[in-house]
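Encoded as structure tokens, the following chain is the form predicted alone, with no partner shown.
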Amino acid sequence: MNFDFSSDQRSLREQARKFLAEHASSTRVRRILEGAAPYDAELWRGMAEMGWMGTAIPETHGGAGFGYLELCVIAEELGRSLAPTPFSSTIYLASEALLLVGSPAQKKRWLPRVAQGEAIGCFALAEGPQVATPGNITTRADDGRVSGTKIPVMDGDVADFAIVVAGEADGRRAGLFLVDLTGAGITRTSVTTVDPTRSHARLVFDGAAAEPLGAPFAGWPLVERLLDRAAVLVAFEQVGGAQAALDMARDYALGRFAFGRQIASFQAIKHKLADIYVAVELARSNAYYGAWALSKDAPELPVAAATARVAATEAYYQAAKENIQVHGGMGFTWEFDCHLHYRRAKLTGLMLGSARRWKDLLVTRLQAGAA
């Protein structure tokens, strides 16, 4: 078990960091935050030219066929740069669902387009603020049609296809369904969230044509499996964002003087930076464990994913919050970039379910393993 990346993977990280420094600066992020565009289309095309969308997609489906470790490397850099693109929803969830249980025809239709950056996907699970469970999913699938309301759906306003979680007519079992969002019976409405650099929408399905993804109504374990895999990748985005917030706080503390001294020399600031560093390193270690489990599809993946998810969510929130404090009164202002990471930390902390949900899952899974 090796908890470090290879020289090739570190080289990929440097290439990604250099590309994003040039094409995903905070100026570009703010352009999406303050404008009407749902995402940075120019950056998205550049990422497609770099081949990032096809990182974990096999060559037989038009991808690069590298693997999940390489995808984790890219995810960390995307989180560090706050890249305003629909990468997470398309690659970690929609594409992953197709890879896991898609039919040969479904893979042939969508995966090459995803790999080329020509198709955007989304994952429609939530139906409001409550935690989605098999018992409260009201969206129904019957005879090749799906009806119901999903909110919020990340990138649902710009996606070409959706992976929809729906139940049988009697609600006994749930399953995944593939819906072409250009078809009839679909209404999309953009909704506002704390982080406008990642757009969200309300999707209303009214008898929209839907194809079962995998065995019809394969059950909740398939949904959980997909979320576990995405949790590891999102954890890397959160670790990247947390590291960026820590770097921002450190640089400001070293350059800001008060009473003739760097504020970094004050004990209170030292403690904040040290606490953030410990949290980020703990999250990074757990994310590496999750990356190993994901790349091997190991039996440890459910526990590793929940651990990575909890540690990364808490580390990113702590780093983003304390970064504002280190900046003092100016940290709250629009002109400083601190709030960009605070927004992203809050959003990524909820996009796959809250930290509380993942803590409960972690406890349940650890108890099951100990029994």
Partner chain sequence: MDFDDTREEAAFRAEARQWLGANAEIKGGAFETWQSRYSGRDGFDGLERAKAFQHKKAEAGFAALHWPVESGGRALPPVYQVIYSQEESRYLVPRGYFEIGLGMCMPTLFTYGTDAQKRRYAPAALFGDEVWCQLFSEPGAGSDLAGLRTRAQREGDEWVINGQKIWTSGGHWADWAILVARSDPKAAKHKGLTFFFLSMKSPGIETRRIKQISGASHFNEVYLTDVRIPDSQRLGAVGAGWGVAITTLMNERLASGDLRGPDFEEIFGLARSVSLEDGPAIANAAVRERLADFYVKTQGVRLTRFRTMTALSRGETPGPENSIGKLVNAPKAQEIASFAMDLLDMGGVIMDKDTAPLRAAFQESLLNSPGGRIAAGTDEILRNIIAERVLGLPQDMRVDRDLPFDQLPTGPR
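Every value quoted in this text rests on a predicted model; they were computed, and no experiment measured them. Positions refer to the first chain, counted from 1.
The protein also exists as the form predicted in complex with the partner chain; that form is not presented, and the subsequent description refers to it.
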Segment assignment from 118-126, 161-169, 262-270, 95-103: heavy atom within 4.5 Å of the partner chain in the model of the complex: 262-270
4.5 Å heavy atom contact, Lys359 to the partner chain in the model of the complex: yes
In the model of the complex, Asp337 touching the partner chain (heavy atom, 4.5 Å): no
Partner contact for Asp142 in the model of the complex: the partner chain, 4.5 angstroms, heavy atom: no
Non-hydrogen atom contact Thr149 with the partner chain in the model of the complex at 4.5 angstroms: no
Listed residue that, although the partner chain is not shown, lies within 4.5 Å of it in the model of the complex (heavy atoms), from Leu33, Ala64, Met50, Leu69: Leu69
Listed residue (Val310, Leu43, Ile324, Ala56) with a non-hydrogen atom within 4.5 angstroms of the partner chain in the model of the complex: Val310
Sequence-ordered residues of 347-371 touching the partner chain in the model of the complex, heavy atom within 4.5 Å: Arg356, Lys359, Asp360, Leu362, Val363, Thr364, Leu366, Gln367, Ala370, Ala371
